[in-house]
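Before any questions on binding or motion, here is one chain by itself as structure tokens, the form predicted on its own.
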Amino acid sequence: MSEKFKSPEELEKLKEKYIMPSVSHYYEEPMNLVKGDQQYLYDSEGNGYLDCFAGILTNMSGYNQNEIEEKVVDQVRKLKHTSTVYLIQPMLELAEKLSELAPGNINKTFFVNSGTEATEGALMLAKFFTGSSSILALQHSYHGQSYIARGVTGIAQWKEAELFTTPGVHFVPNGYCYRCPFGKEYPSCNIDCARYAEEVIKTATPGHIAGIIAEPIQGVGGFVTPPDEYFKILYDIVKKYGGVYISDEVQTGFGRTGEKTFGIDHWGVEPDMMTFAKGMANGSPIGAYMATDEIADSFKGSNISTFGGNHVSSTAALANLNFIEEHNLVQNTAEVGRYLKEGLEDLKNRHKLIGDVRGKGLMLGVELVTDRDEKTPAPDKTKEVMEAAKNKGLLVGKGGLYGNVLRIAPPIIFDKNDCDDAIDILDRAISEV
């Protein structure tokens, strides 16, 4: 590459000097990623990587996708920003598109800049609508970086101190069958993990709740995917006690899970509200929360967003959603995802380090353990596998309460040849470790 780039070593020195130390990164030997093309990333030294993490499930339709980027560049040249105190045509057209896609009676949108803001806004609206401050959240969940978002996050790593223990938030068991919190086996378990929510409401709240916020498949939690009955039981309990159901679609939205537009659709539940970010605009910063007319109209106060719904991000999101639709990527995700999952299951049969394979579409988790019988988490081995895979040209993410889950979530333009390449590299990386 002819362009002059700083070395990873130079960048690490800048990071250490000028960036807050809480900002961490993957890899003991990080690279300076400078270019993307479809499902590939390239570093400053010209090395290419098959990307199976998509910028944390954000670059949904791949990098440098001309059909999307040309519309974004055109909008940048015309107008980037005015704020919501003025009419913004791209934002309003995007809101119309979201209303067409959304399940049930969800119809109205408020645009923000990130998933964290979307969480904050949705919880505020739920509390205002119900008159309750009691919120249910799931163990192993993750909903963002702010005070309130960390308060509904169920992973100690992301809470750090009592500061992030928010009053009025009550955690209920997630549908983590591989590590059942009740030590039972599905389906004879009677889905007690979901049913326990009623006990929490009756003992830890006034008996009337604002609602629940839940990821259909837990992202940072390690792509935990609950059984078919889980969310329907949870939904019925929440409605019984006056709450609204908020589906956090930040990572599962817009076809990521295959066959369905939104993750919650797989469980036959129509939420009252949804939150979005990440993959909606294929890399441009955006967030949003949606609600039914009844819930949205309950808040009569003034509300603005300086950058939310700006011309460029709204244009990017609308172009991306149209691209996904026009290229039938939701169905592609289902077919390619099944193929990739079969390949991962085959790796599990050949490598004792793999304890569990789970997920839907192109949102797949591979949990690594040192002992299958004891299910002993293997966080150190997980880091080593990631490092080995990177050195062989494959990027994957990690997550889970113990940091022992490989998160595999490539751009949804992936094909079966890409899957073969990814499986081959993972096979060699795990063998090496």
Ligand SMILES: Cc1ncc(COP(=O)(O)O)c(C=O)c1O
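Please read these numbers as outputs of a predicted model, since none were measured by experiment. The first residue of the shown sequence is 1; numbering continues from there.
Same protein, other form: the form predicted in complex with the named molecule, not shown, and the subject of what follows.
Among Gln75, Ser305, Asn107, Thr116, the residue placing a heavy atom within 4.5 Å of the named molecule in the predicted bound form is Thr116. Residue in contact with the named molecule in the predicted bound form (any heavy atom within 4.5 Å), chosen from Gly258, Gly154, Gly121, Gly144: Gly144. In the predicted bound form, Asp272 stays away from the named molecule, with no heavy atom inside 4.5 Å. The named molecule is not drawn, but in the predicted bound form it has a heavy atom within 4.5 Å of Val220. Contact check for Ser314: no non-hydrogen atom falls within 4.5 Å of the named molecule in the predicted bound form. In the predicted bound form, at least one heavy atom of Val250 sits within 4.5 Å of the named molecule. In summary, the region of this chain contacting the named molecule in the predicted bound form, judged by heavy atoms within 4.5 Å and restricted to 136 to 144, 167 to 175, 76 to 84, 237 to 245, corresponds to 136 to 144. Using a 4.5 Å cut-off on any heavy atom, none of the residues of 395 to 433 reaches the named molecule in the predicted bound form.
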